Every structure is written in structure tokens, then in C-alpha cells.
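Two forms of the same protein chain are encoded below as C-alpha cells; each is given separately, as structure 1 and structure 2.
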Structure 1
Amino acid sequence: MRSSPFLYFFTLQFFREYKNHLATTVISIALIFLLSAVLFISSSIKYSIDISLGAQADFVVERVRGGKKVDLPIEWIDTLLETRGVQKVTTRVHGRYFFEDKREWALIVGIDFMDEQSNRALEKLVESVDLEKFLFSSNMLVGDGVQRYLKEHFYPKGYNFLTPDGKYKKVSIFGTIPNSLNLMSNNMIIMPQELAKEILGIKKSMVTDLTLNVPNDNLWDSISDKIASLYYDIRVLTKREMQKAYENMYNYKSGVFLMLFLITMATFVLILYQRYSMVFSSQRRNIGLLRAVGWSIRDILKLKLYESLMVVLVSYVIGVSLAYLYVFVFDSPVLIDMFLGGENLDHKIKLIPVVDFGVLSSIFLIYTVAFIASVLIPTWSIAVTDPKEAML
């Protein structure tokens, strides 16, 4: 059979039965859209976190008592520097501050703007800040979520923080944190360390934790053990552990969606298989007529294969395109809260476009094979029957 008449007949047949394909295409688009959107969000979040953690120090040293993290003395710096292989120990000050309604909170981060490690972690931020003006008085940089909250509560230019000793400390808004850092800084407030200590009630001789670098990766395990043995209440976290913790968290969330997708797709394929397996007079009669006029079983399977591929390709392209627009253009409303959590300030972030073509290719192959199999198997069972019997 020549290909030109076959393709002509396929085109006529496909558009003649477009109503039968429409419902299948819509469901396929919805399934591919949801899964692609989830994978786009997960990939973008993990990419942003990898960038943020990549600029962080190799180790974080904390003090834990009674299972609760507490402040530690600055004097620990001298002890840590005596450990062979340790370089550049830096202090960090941070803590939650609950606003007046006690429902929303912000993460206050005290930065030593003269410290090289801190500047490297917030390089884009520091470039846009006039440090002379910023450090001249009590100023802060706020994330988008904090800025929206303060404006809604009539604090457009600054906020009066209530310190633990019952006094108010007025801090002016110097600027907002760049959108490129928004994923990690939506509810963040950045200010000088001394000011952060005053608001959080941290003594001048104390800090929240310490960070340090170990240039030789092969010494990480041994140095971690040495540091952990210095004090009974010390806890050491490595950059690898923090990266793994974030990956596990977002892989778990995306894995839940993947499980739901597989269950839904399996149900859809079974319904599709049942639809083609049922003895519909029109389907059987059409196949019987084609067999009666000289079409082989191979030609009939080829026709149904082309129809299935057309549905799959259209569904996949539209589904993935809609997911890309939904996530990276419209900022993925609703779904983003499932990943980042909605218990605090609203997240209105701009995700970095990241597309994992390997994962998208796997989705296409898995969906295509399952879809085509659910159509071709029942079609073959009808095509092998006698044409007279099929047309009855």
C-alpha cells in the first residue's frame, strides 16, 4: 500500500473522529501538565538552593542543650582555629521575630558586612548596597514578603521592633533584597550584627552559630569528629548534610506528586484499554470494513499507531508548554505553596527557569508506551477476527 493514500486516509479518519480523541487529549494534557509543573518547580527550587548553599561555608557549628539550639560564646573561635585544617571561622547571628499579631514571623539575619565569607554568600546583595549609608544609622534590608506585610500594616518606611527588655527599636527600610535571592529571602530581614543582637536579645559576647571552611574535602570527616569532641554540647553540620536534607525534602514532595501521577495514569490507561476492548459496533465495523477491502492487520495497527502518536504528541507539547508558562511566567500559584509552605508570609517568588530534558524525555516515553499499548492491544484482538464476524 502506497504511503500517500494511507496518510490521506489517516488524516480524514483522524479529523472525522476528532470528538472521540478530544476527551482523551484533554485528560492527557491535564496529566502531563500537572506532572511537568511539579517537576519544573522541584528542579528550579533545588537549583536555587544549590546556588545558595554553594556560596555558604563548609561547616556550621551549633550549640545544643536539652535538644534545643542555644547561643554560643565567641571565644569558641579561638579553639576552632587551633584545629589543623580549619580556615576562616565566621560568626553568624539570626533568629525568628514574631510580629505583633503573633501569627507571622520574619527571619532576622545579622550580617558582618566587612566579612569576606558573608559578602561571598550575598555577593549580589552587597553590590547594590551603599554600605556607608546603610551602616550610618539603624537600617535593614527586607524580603518581598516582609515588605508586603509591613506596608499592609502601615509600616512603609520602617518598623518599631520590640526588644526582649521591653523597649522599642526603630529600624528604617533601606531597600529590598534582589529577586534573584527571593527563594531564600522572602521572609528575611538583613541588618548589621550588633543591631540584630539587640533586637533578638543576644548578648554581645554570644552568637547564634559559627561557620568555618576546610579547603581539603578529604579531611571533612576527620575534622568534623575533632570539632564534635571539643565540647559536650556542640553540633557540627556539613554543607553536604544540608544539601542532602534539602534534596530529601523536595524529592519527597515531588515524589508524592509522582506517585499520584502514576496512579492516575494507570487508571486512565485501564479506562482507555477497557474502552477499546469493549465491543463497540462502530469500532468493530470500521476495522472489519478495512479488512474486507484488503487492509492487512499490519496496516490497521499502523493506522491506530499514527492516531495514538498524534494524540500523545499534541497532548505532550501542549501539556509541557502550559506547565512552563504556569511555573515560570505566572509563578505557579497554589502549587508553589505546597512546596514552600504557606504557614507564614505569602510566597510570591520568581523561579529560575530550569528544564531537565532527561526527566521530560522519560515522562514522554513512559506515557507514550502505556498509551499506545492500551490502544494497539485491543485493536489487534479485533483485527485478527474474521472480517464478516467483526462487521456483525
Structure 2
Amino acid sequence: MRSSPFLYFFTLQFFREYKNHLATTVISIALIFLLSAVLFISSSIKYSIDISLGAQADFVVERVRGGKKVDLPIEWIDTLLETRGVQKVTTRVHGRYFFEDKREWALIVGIDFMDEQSNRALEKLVESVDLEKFLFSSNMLVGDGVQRYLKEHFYPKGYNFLTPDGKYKKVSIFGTIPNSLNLMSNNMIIMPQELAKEILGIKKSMVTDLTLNVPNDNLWDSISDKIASLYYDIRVLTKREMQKAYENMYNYKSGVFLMLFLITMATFVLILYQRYSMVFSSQRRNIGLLRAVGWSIRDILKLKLYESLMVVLVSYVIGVSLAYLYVFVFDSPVLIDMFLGGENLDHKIKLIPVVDFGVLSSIFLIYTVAFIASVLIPTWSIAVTDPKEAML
């Protein structure tokens, strides 16, 4: 291949004068790193939520009184099953249990180990447990975070739960919940439904909520309406609504970061404008010389825009790669807490590496457009330097 003289000279010029671009490159890398780290975290969390939601039942039915969620009677199952199109209604028992210090809590989930599970992940979990042993006495499966908490508080084998009637209920740790569902299961305790009801103070004839499946997607809207009219205090949540709610929540969280980024970027654009005006005017003599020996305005524009583009590309590649390492290899210390909030027992979360084309292209687009747009005018004004400047 014939090498282009222009590219040769461009490379020469760029590397000989890289000091001019050093400061802007470093700041660019820092900005791109921050933005991509945040967006990587949010898209990874969204992804894991999508996966776990995908494994869940299509509908959740709750009872709401006075705006508060309350337990509902088991008989509702029969009524629901009479609705056409509805399949596989299952009961769920769950609730928060606050430990002694009343500050940390765990999510207790009671499941019917003998029945079919509404959730695929749970199904796998149940398969892996030796049921005969598990159900023989009071046993539970705990998430990583819960296990760590209990160990730290000298309950390595089991825990004495305080039931609402004031009695203590001793439950032994049978095992931990495998890490595959890390995000959702970290502060979870899984136990048989009867036991969970006792600890959470739920009456024997009641459950927390129900789930059901509707295999035909097209019927979702009509069935949702039909069920909602069955009882005056019933509330129906669809999987799609939950997906949307999560989507919005994380859009909101990363949107706030994005706004902050844009404000920073606006400042940076001004700095860039000034900086490049300065750098270029120090090169005025040299540019005048290039013009004098036969470079056209178009040639200078090309040279200078290539330089800016190079800065953008280099900072983009480095910034994004650093962010990838930070988020997915070093588990994003500090930033992740801002994202998940302080609610979980323990935030040691392994994010699933997801590199989303939308995220990558968004970062590239906004950064390149803002950067090049802000150097466009300084670049033009240096490119039209009069060649006679070289003679002064």
C-alpha cells in the first residue's frame, strides 16, 4: 500500500507536539471514564434485573387496603383460577425481618418446597436441596450477605428469630443460596412457608401475595382488567409494568449522573474553546509558514481536525477501557453504593459484564460532538491564517 504523505506528516506533527494535547486528553479520559463507569453499572444492573424478571411469573396479585399492602386469603386462588386464560396460580409469603439492632434487615421468602415453583431460579434452587433433611427440622437457606452478617454476630449455625407473639424460633442454616442470582438474593432468607408465616406473623389462612401466568401475551391487558375487577381491594402488577418501573428507576439514576456530566461537559467545552484558541495562536507562525509553502485552508483544517479527532479517539478508548476494568474487574468501589443506595445488608455485588452498544455509542456520540463542536471555531480561525504572516 502506498503510504499517504498527509498521514505521515500528521503522525509526525501529532507525536512531536503531543504536549499540546496532553492536558485535554487527560481531562477527557477522566470525564469519559466517569460517565462510562456510571452507565456500565446501570446497564449491568438493568440487565440482571431483566434476567431475574424474565424468570418470574407474569402477574403478581396483591391486596391493598388504605393504600397499604396487606395479606390476602388463600381462597382467592380459586376465584382467580376461574378466569379464562389464567394458569399456575402460586402463593407467596415474604416480608422483611429486622435483626436485633433494628437497623439491618433481611428479606424472608417462604416457599412451598413440595409444589412447583413460579420462578425458574427458585425451581433450580429447590432441586439442589435434599428435601427430606431440609424439611425434617427448622432450616433455612441464606444469601451471602445474610450469612456474613450472622457470622459477624456470632450466629454461624443458626438464628433465634423473634416472632411477633414474643416467642423465639430457632432456625438452622442449611446452606447458602448460590451466587447466580446475586443481586436479588444477597439479603434473602429462604425457608418453608409455614415457618416464614410464623416468623413474619402471617395467619395460617393468609399469604402475602399470589403470582399467576398467562401464556398468551395478547391476553395480558384484558386479563389484567378482568382480575382487577374481582375484588374491590385487589391490585394487579404485570411483569411488563415492573420492567418499566425498573427501567425508569435506573434511567432516572443514570439520568441524574448524565445531567451532571453534561453540565461538567459544558464547562469543559468552554475550557476547550479557550485552550485550543491559545494553543493554536501559539502555532500561528508555523501555520502561516505551512500556508506560505502551499498548504490550503482545507489542508490545515484537515490537519487540525484530525488532531482533535485523534485526541477524542484516544481518550475514548482509554477512558472506556479503564471504566470497564473499574466496574467489572474491580467491582466499582464507591460508585456502586451511590447506585444501589444503602438498603441492602451488604453491597458486595458482582456485576455481570454487559457491554451495551447503546451505551458505547451514546458516550462516543455526546463526547465527540461536544468536543469537535467546541474546537471547530478555533480550528477554522487558525486555518485561515494569512500566508503573509510567515514573512513578518
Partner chain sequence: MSEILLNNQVIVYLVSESILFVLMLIALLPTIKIVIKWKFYSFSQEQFALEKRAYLVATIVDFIFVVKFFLLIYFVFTIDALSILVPGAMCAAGVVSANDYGMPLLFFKLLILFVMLLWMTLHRYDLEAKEYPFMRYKSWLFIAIFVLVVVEMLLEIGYFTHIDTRRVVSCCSALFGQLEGANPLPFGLDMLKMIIRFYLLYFVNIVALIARYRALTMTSSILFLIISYYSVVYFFGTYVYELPTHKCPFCMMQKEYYFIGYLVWGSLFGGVSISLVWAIMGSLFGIDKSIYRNISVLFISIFVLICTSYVVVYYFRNGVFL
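Whichever C-alpha set is largest while still superposing within 1.5 Å between the two forms counts as the rigid core. Everything numeric in this text was worked out from a predicted model, so none of it was measured. One-based numbering along structure 1's sequence throughout.
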The same chain appears twice here, once per structure, so which copy is the form predicted alone? 1
After superposition on the rigid core, does the Cα atom of Thr208 shift by at least 2 Å between the two structures? no
Comparing between the two structures on the rigid core, is the C-alpha shift at Glu307 2 Å or larger? yes
Taking 2 Å as the cut-off, check whether the CA of Val70 shifts that much or more between the two structures after a rigid core fit. no
Rigid core superposed, the C-alpha shift at Val359 between the two structures in Å: 2.4
